[in-house]
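Taking the form predicted on its own, here's one chain by itself in structure tokens.
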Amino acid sequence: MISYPDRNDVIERVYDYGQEHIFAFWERLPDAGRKALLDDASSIDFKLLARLYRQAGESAPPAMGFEPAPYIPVPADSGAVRRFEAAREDGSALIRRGAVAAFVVAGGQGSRLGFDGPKGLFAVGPVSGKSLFRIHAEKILKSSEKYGAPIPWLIMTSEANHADTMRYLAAHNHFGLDEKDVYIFPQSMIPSLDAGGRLILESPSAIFKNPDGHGGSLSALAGSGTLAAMRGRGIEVISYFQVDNPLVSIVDPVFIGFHAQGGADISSKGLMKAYPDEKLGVFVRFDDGTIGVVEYSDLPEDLQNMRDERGALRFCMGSIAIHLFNVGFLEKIAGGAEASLPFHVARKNIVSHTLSGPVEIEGFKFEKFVFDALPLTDKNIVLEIRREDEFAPVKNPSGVDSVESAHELMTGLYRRWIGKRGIRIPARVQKIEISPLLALEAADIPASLSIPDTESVYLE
């Protein structure tokens, strides 16, 4: 057995769990490399990994039966409009009390977009070229000003982009937000395993790890101390969203109002699926009465295509990863630093660093899904939104869910807002963008606003 001053307890644990192959390069490593490898090993929960490896070899438990989940539809009559206005009043009161925080999951890189850096730095403003981070920050800043209360911004990064994100936001003074209201923390990483349950080396001095999934955001929120900080600030509701959606309504008083009125632990926004096999999970109600999400890949084809008596898709309400979480509920399921969400197992090709050089092998990656929190409570609300108003994910370099489609959706939304205010848009205008600092919704736009007669218009 190898040894290292003051770290022999770590080495013994590695040997106890039969993972001593990670020391294959020990004799070749400089002291800094040996220390880095032991630091890596010291952070590993070997007992958890052993359990996950057993899980990977077991058959999946029988799926619970389910039916379409109930949801609050977009308002279609005057009665529904009044109900939405009452929700807006209740939600606005909660925001004014300083009881709401915003939480963005921003651990991804922009590599799929051909962008070298954190996805939050990607320029998406159709006229301004503003980054995703800037648009989100300005929405939060405008909401704080509109409701007269500070709104903390919680940002979960990843090991790969944490430092770059910190530098970027600091260099831009957090886009006007008070630094004490911005909480930045990295997502946890978990080792992958090969087919024999052995750790995989990414390099001679590093163990291969992957982020623990968007469900790990709840663990990171608790483990970083941010959840406790929110409790100390009197925050009751945390608005969760993903960084790649520039149309998201981050602090939505109607959504927050319905959440509060229903006494919900978790609320979710959903939208009508555009076609049966659209790659969106669907909201369902399981046989035990709880609400959850079934991934699109797990929904059988016959259920994907099933229609109701009106000819509409029966499993129609798609999940878009926009949620509200009660702080008390998160405290209950977090149990300290580890949220009680299950790990899912995926077989993936992984490059393993061996004595013979890099080799691609098949291994197991483990991750959590945030929507697995939904069935942990029977207090759920699903609110339908219009796709064209709130959902423009930027995931691909072109085509569907690309920056081009996002520009089209953003410009379309801003045109509708201006039209609602009775303001004329000159025929020459091709692109139009409204700064969040001017308006978060149509009602915020001054009726006296004049649109310049140019091809590209930016209103701020």
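One-based numbering along the sequence shown. In this text, rigid core is short for the largest set of C-alphas that superpose within 1.5 Å between two forms. All of these numbers come straight from a predicted model, not from anything done at the bench.
This protein has a second form, the form predicted in complex with uridine 5'-triphosphate, left out of what is shown; the following refers to that one.
Highlighted residues Ser128, Glu390 and Lys431: none comes within 4.5 Å of uridine 5'-triphosphate in the model of the complex, counting any heavy atom. Annotated contact segment (heavy atom within 4.5 Å of uridine 5'-triphosphate in the model of the complex): 241-249, selected among 91-99, 162-170, 241-249, 228-236. Using a 4.5 angstroms threshold between heavy atoms, Asp212 counts as touching uridine 5'-triphosphate in the model of the complex. In the model of the complex, at least one heavy atom of Met156 sits within 4.5 Å of uridine 5'-triphosphate.
Contact between Ser111 and uridine 5'-triphosphate in the model of the complex is found at the 4.5 Å heavy atom cutoff. The shortest heavy atom separation between Glu367 and uridine 5'-triphosphate in the model of the complex is within 4.5 Å. For the options Arg134, Lys119, Lys142, His323, the residue carrying a heavy atom within 4.5 angstroms of uridine 5'-triphosphate in the model of the complex is Lys119. Proximity to uridine 5'-triphosphate in the model of the complex, defined as a heavy atom within 4.5 Å, holds among Met317, Ile291, Leu201, Ala106 only for Ala106. Superposed on the core, the two forms barely differ at His323: its CA moves less than 2 Å between this form and the one not shown. Taking the rigid core as fixed, one finds a CA shift for His172 smaller than 2 Å between this form and the one not shown. A displacement of less than 2 angstroms separates the C-alpha positions of Arg233 between this form and the one not shown, with the rigid core held in common.
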